[in-house]
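In structure tokens, the next block holds one chain alone, the form predicted alone.
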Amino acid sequence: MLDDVDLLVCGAGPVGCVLAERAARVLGWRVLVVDRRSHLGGNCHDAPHESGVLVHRYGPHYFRTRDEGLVRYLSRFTEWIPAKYEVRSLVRGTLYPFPINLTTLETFFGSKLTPESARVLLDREREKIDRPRNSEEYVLSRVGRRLYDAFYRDYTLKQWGRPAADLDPEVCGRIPVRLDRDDRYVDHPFQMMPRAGFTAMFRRMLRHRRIRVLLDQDFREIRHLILPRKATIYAGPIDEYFDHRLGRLPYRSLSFDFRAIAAERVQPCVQINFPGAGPITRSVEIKHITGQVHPMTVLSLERPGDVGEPYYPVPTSASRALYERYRTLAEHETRANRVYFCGRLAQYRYFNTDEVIQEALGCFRLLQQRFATGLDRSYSSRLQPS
């Protein structure tokens, strides 16, 4: 029965699956998870391509974390395989390690470097901007105009549909610059992939007698028909929840061209960036990290756009200001109707896979506290946007 619900969850992605699992298993609540898509996992969903090769349907999700406790939690639902996330950028016909490291600098500038001489080189190249106001100024202050033009300028414009000068500093600030030869995309101590895939991991999370899942169902069509006894978790776009009454928040979307190829591998690494001309931002060969053995491979070519499923909140001062107004509405909704807003779209904030699961666990702790003490605290007020 749909009226026998303690917790109503909008979204069967990482946030919804984690909160449903914790509420059912720890609190003993009856949970209903609703998703308008036909599958679990949200944008982490993976499934076999027509060729039989396992692919990430909504772009690559690289699981890495510094949190050993998070690994222990997720290990209840999956085994792991090690993964080495390597990315190259194709600049003027040459593949460079990216993020920029010592090898990148040596190849680009055509000279042998040590960490010390590379530091001197970058100090000479960079522009003296003490307080960068946007992503362009941030990159120029770190690596200078030549590297910015080669690796960042056009890629950022394609990815976001806006020049780096219009984006907050942290957009490009997330990307490190290394003075060693570490060619991994990140240096986190835990870098791995669920052995059977993300979808299988989330399916195991929801395998509980107190959890029901309703797919192909739009939350907006049933939100007024179900009154949960405890709370509602909302992981969709925050402006959509409020019927865009303050205006529409901008999001970037992606479209994918999956190409099956009769070869074991065709790329030297999992991801190649295309920071030059043309609409494609990156080519992903996910077999590099899934551990799948198959005679064929699949390349996924990504093309960003403003139309389609929302993927990325657009980090500008204007969108941040509009989100703050929606966040005020969300805080009232939490207090008045016990609706908790959690996740990338609901908090209008970029999260990596490990980070969004940590957000969900943090939201669950607040639910525990609220129903243990009777306090009614707004989740969104505890998590300020970066």
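Numbering starts at 1 and runs along the sequence shown. Everything quoted here is computed from the prediction, not taken from an experiment.
One more form of this protein should be noted, the form predicted together with a small molecule, which is absent from this view; the next part is about it.
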Point to revise | Residue among Met205, Val284, Val171, Leu105 with a heavy atom within 4.5 Å of the small molecule in the predicted bound form | key: Val171
Revision key, fill the gap. Contact with the small molecule in the predicted bound form, heavy atom within 4.5 Å, among Ile175, Leu246, Val266, Leu95 goes to Ile175
Practice item. Mind telling me which stretch in 155-163, 76-84, 293-301, 119-127 gets its heavy atoms within 4.5 Å of the small molecule in the predicted bound form? Key: 155-163
Check your understanding: in the predicted bound form, do Asn134, Tyr251 and Tyr323 all reach within 4.5 Å of the small molecule through at least one heavy atom apiece?
Key -> no
Check your understanding: Should Tyr350 be classed as touching the small molecule in the predicted bound form when contacts are defined as heavy atoms within 4.5 Å?
Key -> yes
Review point. Is Gln191 close enough to the small molecule in the predicted bound form to count, meaning some heavy atom within 4.5 Å?
Key: no
Review point. Heavy atom to heavy atom, is Phe258 within 4.5 Å of the small molecule in the predicted bound form?
Key: no
Check your understanding: Is there a non-hydrogen atom of Thr199 within 4.5 angstroms of a non-hydrogen atom of the small molecule in the predicted bound form?
Key -> no
